[in-house]
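One chain comes next, on its own, written as structure tokens: the form predicted alone.
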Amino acid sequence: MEKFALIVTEKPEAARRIAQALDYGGTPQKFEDRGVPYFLALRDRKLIVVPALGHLYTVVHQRGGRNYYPVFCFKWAPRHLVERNSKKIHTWIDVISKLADGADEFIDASDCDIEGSLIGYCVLKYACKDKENTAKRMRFSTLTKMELEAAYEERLPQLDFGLIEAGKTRHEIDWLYGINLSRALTLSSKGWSGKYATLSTGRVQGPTLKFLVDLEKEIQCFISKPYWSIKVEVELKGSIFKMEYERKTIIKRTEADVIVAACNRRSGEITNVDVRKFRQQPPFPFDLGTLQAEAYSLFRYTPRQTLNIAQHLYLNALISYPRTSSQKLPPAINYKAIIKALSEDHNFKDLTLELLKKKNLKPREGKKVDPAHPAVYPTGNLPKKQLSRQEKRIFDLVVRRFMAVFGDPAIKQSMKVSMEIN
């Protein structure tokens, strides 16, 4: 039987896109084994592209009972051995292992961040029987055909072992914290009450609970104090303007009433007009945090909602990988080509034409760098099918922020007017 290269991806949709991009005809064959999809693409050789299902492996207790601590003996094992409702994982691993038996080359094409690198490593090490040291790595930030082809042709000779070690360390520390502190709490509770009740905590859970307790104490101990603020409508040359009293808060109601009575329906005199001009620089490109903050500010989408929507746009090759902390846009992404492609959408045409008039396209970048990915940016691909209302909003937000970083500084003017009455 002819050997092939096995390409491991993180999710089924990514596997489909990668197979479609790498197949010379753009029409890879889809197969399914017990519900697990995989794709056959023909390029310089046969390529089998198979997805994982997120994390297939996790950290487990190696041996011993549950009624003691500290615990330091652990190992990595398939998730279905320790987690309920994970039976599908066993089938997934079995199918990948069977495919690996027919392969003579292994390529990791999972997402190029810590978690993605760890997922690919575990599949290659355990499901593919110790292929992690001989496997090659495809690195990409978008699922566009051009970038995926380049990632395959220029695949790296080894995996990202630095990121892999960081991922392993995070999972192992989470496990060590969680199991030891949870057992300490559970056993001390049983010793005090005589009754068994599982109490859990962990590296993230414990500090989060502490913040919540402190905040709740602050809320319960807060004593509200009434205050008053005074605002006025002023008529000037037939127009109405709103003004505020110079002191933002007044503690005594009687004092506020005196001020209102003294000013109501009286003529005032403008004593000072302070006009200031300042330059507002273009914004930085989106990292995940600023994208989530902007989406909440504009649309009230929770961070989780925004991430899920952005992830879907990424899998449809509309934006770059969203899980990034970078505020950098490298020239290699080809700013001009992306802007030209976006000009085909009438919603962006006027703005793109303004940018294309510039001799030099230079983005304003922030200081934050992510070794795995650049900032979030549109690929230049336009939606081929109808996007949902939420997807449209996030896609529009990413596109407009990308274009804004190439803009000129804005000249803004502020005016403060002071008026006296008596």
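Counting begins at 1, following the sequence as shown. All values derive from a computational prediction rather than experimental measurement.
Not pictured, yet referred to below: the form predicted together with the DNA.
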- [ ] Could you confirm whether E105 comes within 4.5 Å of the DNA in the predicted bound form, counting heavy atoms only?
- [x] no
Open item on the list: How about I179 - does it come within 4.5 Å of the DNA in the predicted bound form, if we only consider non-hydrogen atoms?
Closed with: yes
Open item on the list: Can you tell me if T201 lies within 4.5 angstroms of the DNA in the predicted bound form, counting non-hydrogen atoms only?
Closed with: yes
Open item on the list: Under a 4.5 Å heavy atom criterion, is T249 part of the interface with the DNA in the predicted bound form?
Closed with: no
Task: Sole residue of H55, R43, R393, R364 within 4.5 Å of the DNA in the predicted bound form, by heavy atom - done: H55
- [ ] Name the residue from E344, D257, D174, E149 that puts a heavy atom within 4.5 Å of the DNA in the predicted bound form.
- [x] D174
Open item on the list: Please determine whether each residue of R279, K328 and D408 possesses a non-hydrogen atom within 4.5 angstroms of the DNA in the predicted bound form.
Closed with: no
Task: Interface stretch in the predicted bound form with the DNA - options 231-239, 216-224, 180-188, 331-339, non-hydrogen atom within 4.5 Å - done: 180-188
